[in-house]
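Single chain ahead, written as structure tokens, the form predicted alone.
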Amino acid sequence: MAVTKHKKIAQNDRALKAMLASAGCALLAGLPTQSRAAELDNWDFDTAALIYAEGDSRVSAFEPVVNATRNFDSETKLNLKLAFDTLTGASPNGATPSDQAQTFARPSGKGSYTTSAGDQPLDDTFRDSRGAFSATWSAPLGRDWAYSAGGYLSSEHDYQSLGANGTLSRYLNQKNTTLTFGLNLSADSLNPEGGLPVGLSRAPVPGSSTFSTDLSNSRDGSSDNKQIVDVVLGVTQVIDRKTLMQFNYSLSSSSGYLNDPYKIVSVIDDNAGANYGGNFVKDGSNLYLYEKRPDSRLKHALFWQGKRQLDNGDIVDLSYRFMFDDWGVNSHTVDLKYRWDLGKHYIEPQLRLYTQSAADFYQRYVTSSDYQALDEVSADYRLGDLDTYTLGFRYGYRLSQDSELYTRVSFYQQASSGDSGFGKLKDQELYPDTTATMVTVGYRF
């Protein structure tokens, strides 16, 4: 799980991709035997809880999930999922560290917080909770067709999402080949604390003589909307009794308010003098701008996955994803899992590698001589150059054919890079590494 203030960038098409992944063959669930096809008119449950903690006392999260599936026959199912998560900690606000203490207004405009000299500016009042529910119906359409249809909703204090999705699958070659078309529609509403910031407007600084004016000028209403349309085309091929491959192409279109209303950008003084390379002071206070992103985004992604069950029962699972968009972001993801079958026990180590190029409008900071000519800018590290890896380890114990206890521990490391700055800025750590630990405990029955 990507735990951030607005993790909805990847969240809205998750249900669609999950349905498409399951449409091809039972092998994707771990190459089980066909005995479960005979289990009719029963419920399957999967309950789990995730604990997520970033290093340096940053964001932490707790997320319990209940997933229930009613099997009416071997192909007709109703899936219900309920999740609730709470997040606390300190989140980067986008400003650069400085050789002087910095004071920032709370997002609501009421109160302030101060970052010491040399420290990363973090909003330490980060609090959030979210509830989410989804339902999906899957059934056959004759012998060679199948469909699924579903909907979901999620709500937190400043963000609501409502969506519908569906897939249509065609079986060929004695059901060894599956062609799938998927569609997801999402309507999201944002109502950030303190109102909706105007992109590139001046962020109010507590104690400045222009605080009230800056606060008023930086807001444009209390809420706005975002729409997302996702289309996925997929083919799943059974190569032999122990080998499966899948290939997907997905297209995602987002429009509306795509800014993060809690992110700002530092304006740095680029004129020679005592403050050269430090925060630019205007009207007696440091100058920060609210970020501004384009109001639309079009993403393309190619995904390949292969699974192979070895003669000893072990399973090798390898996938690769390439994504590119009209913001200039390109990313590559490689995910490798190997499951050792030890009778009632199994262990599954995982290695996930991810690399990303920066968006065209990403800048870690802007300067006093060019900030007035900007059209778009964001200092959000999630849009910068990133290299990450995740090491995971899952252990499972089968209590019976239909029940299992499992746990997964994962360690995440992120490294960012970019322009190292000039003047006083060169002495600051502009791209700190991020680490996180994730622990999941679950029971399937």
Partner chain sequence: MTKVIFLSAIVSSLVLTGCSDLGVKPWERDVLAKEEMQLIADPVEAGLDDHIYFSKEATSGGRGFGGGGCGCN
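On a predicted model such as this, the values are computed, not experimentally measured, just so you know. Residue numbers count along the first chain shown, from 1.
Although not depicted, the form predicted in complex with its partner chain is the subject of the following passage.
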{"item": "Close approach of L383 to its partner chain in the model of the complex, 4.5 Å, heavy atom", "value": "yes"}
{"item": "Partner contact for A146 in the model of the complex: its partner chain, 4.5 angstroms, heavy atom", "value": "no"}
{"item": "Contact label in the model of the complex: G166 to its partner chain, heavy atom within 4.5 Å", "value": "yes"}
{"item": "4.5 Å heavy atom contact, Y371 and its partner chain in the model of the complex", "value": "no"}
{"item": "Contact stretch among 354-362, 271-279, 216-224, 102-110 - heavy atom within 4.5 Å of its partner chain in the model of the complex", "value": "354-362"}
{"item": "Residue among V198, L78, L122, V238 with a heavy atom within 4.5 Å of its partner chain in the model of the complex", "value": "V238"}
{"item": "Heavy atom within 4.5 Å of its partner chain in the model of the complex - qualifying residues of 409-435", "value": "Y412, Q414"}
